[in-house]
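There is one chain below, alone, in structure tokens, taken in the form predicted on its own.
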Amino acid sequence: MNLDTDILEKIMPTIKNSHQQHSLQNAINIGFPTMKQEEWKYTYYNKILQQGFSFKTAEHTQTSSITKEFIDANATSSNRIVFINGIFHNEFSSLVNHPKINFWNSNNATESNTVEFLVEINNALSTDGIFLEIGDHVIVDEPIEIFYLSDNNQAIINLKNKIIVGKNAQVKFAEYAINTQQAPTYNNIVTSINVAENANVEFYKIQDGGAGFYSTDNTFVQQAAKSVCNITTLSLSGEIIRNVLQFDINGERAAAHMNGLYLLQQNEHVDNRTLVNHNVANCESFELYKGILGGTSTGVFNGKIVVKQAAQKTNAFQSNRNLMLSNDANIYTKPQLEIFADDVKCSHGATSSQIEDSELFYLQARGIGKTTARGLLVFAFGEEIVEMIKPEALKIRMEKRIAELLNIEF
């Protein structure tokens, strides 16, 4: 498919919402991403569109073979929000009944004026999404699980989510992207999370779409004073996955934690881009992304920390570590710091290495076969990220899934 904005102009008359019309026009003005742009230097967006995905609203009447039994088998909590082929399914969803928890599905279309093509496309063409408000002082014991399920959808799935977490509230989210039929599927998801004063939010993104799965995910976090927000992203299988994660730390004594693991064994492509804006003093951010790359896969990491002049006493740490399993795999990593304050503690770094022969020898000398020993060493490398998952049921499930992908027993 040629990257021509004519295909967007043709669908303009079908959009009735003025906010969405405005966003579509913005997208047309910005133009499709190309590898000539620095932000897209290593990710070829046209390769996604070459799969034949269409820029149009998904049909609400589309049939699906996904069953409740399938969802039950993949869930770890009774709190579930289920989307199938871009449409919310109430009959498969359930959420704790609480007077201070408000939820409805909505495309959340708002006046948008960004310079990001995919954010504008999402706002213009979103079919559905989440509006969820957790009231002040609410503690949600069980994780809220969000399922993005696909089983044969040729339209781009655009979901737009807005999550508001009140003062002193505590909540965990687990978000799953699963492609059940291995047919080409493309999710373009935008999520905004507002974390109020002294609130605590944990968010786990599990991307396991398998062959034919394409994803562009933009998540924007706003943090108030003394809040804590942890986001962990596991990219386990898919064709092309691009994650953009932006934190704006706007209140003192707030803490942000970003962790990621990408497991690439064949020709997968995963692009992680993070931005942390430290806008006020006395805050901290910690970031650790680890990659396992084999075959002819490609990993991209671009992490940027910006410490504004007012953000004195900032602690910010960023690290990207990669384990290369093949001479044909590629990693492009670029950690960045922009510091405009003079009383800070900041560091960043990136490494890439291979499995040491001495480590293999150590395990083989104890009767473990070479293939199994190699798998155990790779598993141990990624386990540092998985151990950060606090819901025990989810952590065990992810350990089992990673062991399965590495062909070792767990």
Partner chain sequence: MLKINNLHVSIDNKEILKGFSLEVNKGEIHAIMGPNGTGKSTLGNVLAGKEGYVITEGTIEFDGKNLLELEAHERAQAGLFLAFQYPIEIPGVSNANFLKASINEIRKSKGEEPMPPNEFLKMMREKMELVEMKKDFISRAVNQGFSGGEKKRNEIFQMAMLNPKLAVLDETDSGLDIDAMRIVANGVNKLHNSENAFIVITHYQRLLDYIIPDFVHVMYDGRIVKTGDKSLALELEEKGYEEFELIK
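These numbers were taken from a predicted model, which means no experiment stands behind them. Residue numbers count along the first chain shown, from 1.
One more form of this protein should be noted, the form predicted in complex with the partner chain, which is absent from this view; the next part is about it.
- Contact with the partner chain in the predicted complex, defined as a heavy atom within 4.5 Å, holds for exactly one of Ile30, Ile66, Ala350, Leu377, namely Leu377.
- Using a 4.5 angstroms limit between non-hydrogen atoms, Thr372 touches the partner chain in the predicted complex.
- In the predicted complex, Gly52 stays away from the partner chain, with no heavy atom inside 4.5 Å.
- Among residues of the shown chain, Glu39 is not one whose heavy atoms approach the partner chain to within 4.5 Å in the predicted complex.
- Taking the partner from the other structure, the partner chain in the predicted complex has a heavy atom within 4.5 Å of a heavy atom of Ile368.
- Stretch 377 to 385 is the contacting one of 377 to 385, 22 to 30, 341 to 349, 43 to 51, since its residues have non-hydrogen atoms within 4.5 Å of the partner chain in the predicted complex.
- Contacts with the partner chain in the predicted complex, taken as any heavy atom within 4.5 Å, map within 345 to 369 to Ser358, Glu359, Phe361, Tyr362, Leu363, Gln364, Ala365, Arg366, Gly367, Ile368, Gly369.
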